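Only one chain is included here, represented as structure tokens and corresponding to the form predicted on its own.
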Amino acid sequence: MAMEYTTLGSTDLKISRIGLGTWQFSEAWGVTRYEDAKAIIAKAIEVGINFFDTAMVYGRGMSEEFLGRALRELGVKRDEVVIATKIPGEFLHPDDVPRAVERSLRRLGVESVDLMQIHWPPCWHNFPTCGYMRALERLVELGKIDYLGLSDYPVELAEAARYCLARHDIEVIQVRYNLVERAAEEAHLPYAEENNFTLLAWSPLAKGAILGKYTLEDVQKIEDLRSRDPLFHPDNYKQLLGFAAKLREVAEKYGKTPAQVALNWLITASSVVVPIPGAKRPEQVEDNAGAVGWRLRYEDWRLLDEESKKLRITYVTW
């Protein structure tokens, strides 16, 4: 299937309907060999993905370095891809903002970045919102950032951040959103639709928890960051195994994989949603790209909607 494209927020910047998240290029996920990362990025380019989401904190710069180096070595022209990165809350003192952005651009090997998102509010440092928003807006004016976005911001604080901007608005909100974690639908999704923002859905496959790849016994042996994710706690995961069976049934009807159906469910729900799944192997990139070029029929979309709403996920696991 050919890749589908949309535009970033209210801009004319063309982005693929499925992006590539690059958190996996870090110790957290274990893709720490550059050649492995390059192969993943090469496959993304091959299947038509042109939107790459990274962050300063992923591997303490490793992800940005790998992404920038791979794009250069693959001969990808700068205007053929859209690079999004994120600045963490602890870097948001107005004096630190330009320093952090400069280091990010250096790691990426670019003169400017297409999208700079705030990764999370500065909840431990209490930097006033208008101070850092104006510092970021100044870098837009100076040509170091093209567009701004907010990641993991409640709508109320997003409104406060937008109030601080004088000449530019945000174009993106990024939130955790997948078939079984749907809090984004209460406020963030309608907010994005109302304002013509792109909603970047991180963890759109719930770190794989909804795919049913592991037995209940196997999931308790996982030792990477998923071991601390509530979805992989036995109380939640045993529910998800039943949901995964329904997901497989729908996938078989369409001749698709469960991951493709789960991603398609998100993009069928709203034209503003752009999932950014990660991948630890090139084959996973290709699988994810197959989520576009078709749509779930209404009855199947509703079936998964209803099955999802039957789940009672708890985040109190200790």
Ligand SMILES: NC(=O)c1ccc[n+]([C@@H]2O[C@H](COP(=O)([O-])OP(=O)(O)OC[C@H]3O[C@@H](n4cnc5c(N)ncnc54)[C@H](OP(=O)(O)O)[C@@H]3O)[C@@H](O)[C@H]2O)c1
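Residue numbers run from 1 along the displayed sequence. This structure is a prediction, so every number in the text was calculated from the model and none was measured.
The following text describes the form predicted in complex with this ligand, which does not appear among the structures shown.
Query - Triple contact flag Ser16, Phe197 and Asn264 to this ligand in the predicted complex, non-hydrogen atom at 4.5 angstroms - result: Not a single listed residue reaches this ligand in the predicted complex, so no.
Query raised in the report: Tell me which of 69-77, 235-243, 135-143, 200-208 has residues with heavy atoms within 4.5 angstroms of this ligand in the predicted complex?
Result: Stretch with heavy atoms near the partner: 200-208.
Query raised in the report: From the list His119, His188, Arg107, Arg182, which entry has a heavy atom within 4.5 Å of this ligand in the predicted complex?
Result: Among His119, His188, Arg107, Arg182, a heavy atom within 4.5 Å of this ligand in the predicted complex occurs only for His119.
Report task. Counting non-hydrogen atoms within 4.5 angstroms of this ligand in the predicted complex, say which of His93, Arg103, Lys213, His168 makes the cut. Result -> For this set of options, the contacting one is Lys213.
Query raised in the report: Within a 4.5 Å heavy atom cut-off, is Ser151 in contact with this ligand in the predicted complex?
Result: Within the cut-off, so yes.
Query raised in the report: Do Ala259 and this ligand come within 4.5 Å of each other in the predicted complex, heavy atoms counted?
Result: Result yes; Ala259 sits at the interface with this ligand in the predicted complex.
Query - Touches this ligand in the predicted complex: Asp287 (any heavy atom, 4.5 Å) - result: It does: once this ligand is placed as it appears in the predicted complex, Asp287 has a heavy atom within 4.5 Å of it.
Report task. Using the partner position in the predicted complex, report whether Gly278 sits within 4.5 Å of this ligand, counting heavy atoms only. Result -> Because a heavy atom of Gly278 falls inside 4.5 Å of this ligand in the predicted complex, the answer is yes.
Report task. May I ask you to list the residues of 171-200 that have any heavy atom within 4.5 angstroms of this ligand in the predicted complex, in sequence order? Result -> Only a single residue, Gln174, comes within 4.5 Å of the partner.
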